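Here we start with a single chain on its own, the form predicted on its own, put down as structure tokens.
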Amino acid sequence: MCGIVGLFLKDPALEPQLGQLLSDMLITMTDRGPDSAGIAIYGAADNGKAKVTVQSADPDTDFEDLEAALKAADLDAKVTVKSTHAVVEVAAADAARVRPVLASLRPDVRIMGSGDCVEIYKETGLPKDVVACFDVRSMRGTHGIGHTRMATESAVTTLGAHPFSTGSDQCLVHNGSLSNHNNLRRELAREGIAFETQNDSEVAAAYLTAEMAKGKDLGEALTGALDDLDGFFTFVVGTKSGFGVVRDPIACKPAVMAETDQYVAFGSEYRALVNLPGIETARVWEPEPATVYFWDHKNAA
């Protein structure tokens, strides 16, 4: 059992409230997963810039003078520290250099996600503590996803927390379990995808990344997942401009969605949505089994 939430804003007037709204949704799901929690927030892209969210178990050591160390390595960067995480901003042209330079300078630092606009914060512990630790409530953005985990396989660690990100501005949260993730992991590894954990949800994220790298959009990649992934799953997925939901054909994991002129929202249970503005007049429904739902800001009128 885990709790997952997602919020895709249609109305820019709500963007300053994204962190607040998504935090409240996730905290409401605390009793579905007390082991770890995480949130991905998609903010405005800064043209020509890229972001890399990193994590350290020893942030006082690893993040001290990190900005200066990166500049000494000829990587002009701005480093913003938030507790055990830091966001490293660099010129987009230098984004591919961040991982190898960090591996050299700070080998114990782990990359949580990267892209033009996504920031990912996750830790062991309860949602309320994770939200407070990273000041998520103050964050603005266009869309976001969150997860609170009850571990049923793999270790309870920061890396094992959701969201999982395996591609630029891509991340996934998952409720369920996959039965063919070991075979898929081997296939994706042969295609060059590196894995940080033994978690089946990371394999699902990597599968979608691989499919989108072949030219599929998010909706097409999620449709392919219905054929290629075995097991129980409800996925909520974010991309730079998109937001998608899919449930397996049996759909035994609870899920509810709501849509108004201002937003599309997902919760494992309705109580995650109950405090959203205008929820009393929203179209509320249970997502159908084996049906892909996705929205994209690029397609907005």
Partner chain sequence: MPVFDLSQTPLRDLNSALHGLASGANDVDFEVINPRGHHAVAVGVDSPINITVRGSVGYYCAGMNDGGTITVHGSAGPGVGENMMSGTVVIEGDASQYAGATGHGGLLVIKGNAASRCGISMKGIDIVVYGNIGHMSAFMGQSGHMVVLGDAGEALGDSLYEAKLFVRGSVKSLGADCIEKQMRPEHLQKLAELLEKAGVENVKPEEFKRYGSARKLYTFDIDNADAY
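Positions refer to the first chain, counted from 1. These numbers were taken from a predicted model, which means no experiment stands behind them.
This next part talks about the form predicted in complex with its partner chain, which is not shown.
**Student:** Given a 4.5 Å cut-off on heavy atoms, tell me which of 56 to 64, 238 to 246, 34 to 42, 269 to 277 is the interface stretch with its partner chain in the model of the complex.
**Tutor:** So the stretch in question is 269 to 277.
**Student:** Within a 4.5 Å heavy atom cut-off, is C252 in contact with its partner chain in the model of the complex?
**Tutor:** Yes.
**Student:** Would you classify E286 as touching its partner chain in the model of the complex, given a 4.5 Å non-hydrogen atom cut-off?
**Tutor:** Close contact exists here: in the model of the complex, E286 approaches its partner chain to within 4.5 Å, heavy atoms only.
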